[in-house]
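In the form predicted alone, a lone chain appears below as structure tokens.
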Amino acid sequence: MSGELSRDEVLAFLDRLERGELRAAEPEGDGWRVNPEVKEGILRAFRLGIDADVPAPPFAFRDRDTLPPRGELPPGVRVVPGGSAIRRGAFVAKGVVVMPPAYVNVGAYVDEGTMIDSHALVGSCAQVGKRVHLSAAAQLGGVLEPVGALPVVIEDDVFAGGGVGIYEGVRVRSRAVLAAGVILTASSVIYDLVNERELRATGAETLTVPEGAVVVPGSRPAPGSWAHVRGLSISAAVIVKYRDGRTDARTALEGALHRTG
């Protein structure tokens, strides 16, 4: 996008996001391609808008008038009453269920058959695939700046347990299982016990959870003699197994926890 947009152009741009015609990022080959013009458009929508009261009895809200909660939802989307909101400019496909309270922010893309459970967040521009399960209090961080940064990506058939946090453009590949309490950021290290390797972000690649990986929260010794004497440790994400074609997410997770417990 070049130049400033008129109000009508911004609203048309948000309509295209809501129809899924534009995405902040989209799959390309074995990776993902960022569309910086989408984030630029969202930032312009913020700049163009003015603060205005949002009628939503019995609550009171004030936000940019260009980016209010969506008043109408696409056919086939179920949003259970109780404090949830889907913001203007977010795409939500048919078969998505949103349990209260939950929030889907501007620029997010949520594909068919996904469950967004209570207290879950789909942050700005986060990309969520088909049949994903975001359990209670799961948090997908949002990112608008820098505009070229990859947002959080959750691919098809991922299971994210309660309180999982995925931030700073981390990519979770299809069929991965994240146990409750796993937290991943761009600077995290994932310890793969199966393949005896450490997974990190590089200058060219974001931190990526491999396809079908079963990840649980673990710990590693804190560095230094002072920490060693006191038995201190640092939290760490650990891959304890990979799903095969016969195990669903819950079965894979229960088996992994049983063996590591």
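The first residue of the shown sequence is 1; numbering continues from there. Under this definition, the rigid core comprises the largest set of C-alpha atoms superposing within 1.5 Å between the forms. Predicted model, so just to flag it, every value in this text is computed and none were measured.
One more form of this protein, predicted together with a small molecule, exists but is not displayed; see below.
> Exactly one of Pro74, Gly95, Gly165, Gly162 has a non-hydrogen atom within 4.5 Å of the small molecule in the predicted bound form; which residue is it?
By the 4.5 Å heavy-atom cutoff, the listed residue in contact is Gly162.
> Let me know the one among Leu207, Leu67, Val34, Val216 whose heavy atoms come within 4.5 Å of the small molecule in the predicted bound form, would you?
Of the listed residues, the single hit is Val216.
> Whether Asp117, Val177 and Thr247 jointly form a contact site for the small molecule in the predicted bound form is the question; each needs a heavy atom within 4.5 Å.
The answer is yes: all three residues contact the partner (heavy atom, 4.5 Å cut-off).
> Among 39 to 47, 54 to 62, 222 to 230, 208 to 216, mark the stretch whose residues have heavy atoms within 4.5 Å of the small molecule in the predicted bound form.
The contacting stretch here is 208 to 216.
> How about Thr185 - does it come within 4.5 Å of the small molecule in the predicted bound form, if we only consider non-hydrogen atoms?
Outside the cut-off, so no.
> State yes or no: in the predicted bound form, is some non-hydrogen atom of Val147 no more than 4.5 angstroms from a non-hydrogen atom of the small molecule?
Taking the distances in the predicted bound form, the answer for Val147 is no, it never comes within 4.5 Å of the small molecule.
> So, Ala136 and the small molecule: in the predicted bound form, are they within 4.5 Å at any heavy atom pair?
Because a heavy atom of Ala136 falls inside 4.5 Å of the small molecule in the predicted bound form, the answer is yes.
> Indicate whether the small molecule has at least one heavy atom within 4.5 Å of a heavy atom of Arg23 in the predicted bound form.
Result no; Arg23 lies far from the small molecule in the predicted bound form.
> Does the C-alpha of Glu21 move 2 Å or more between the shown form and the other one once the rigid core is lined up?
The answer is no; the displacement is under 2 Å.
> Out of closer and farther, which fits the Cα atoms of Ala136 and Thr247 in the predicted bound form compared with this form, where the change is 3 Å or more?
Here the pair is farther apart than in the predicted bound form; there, closer.
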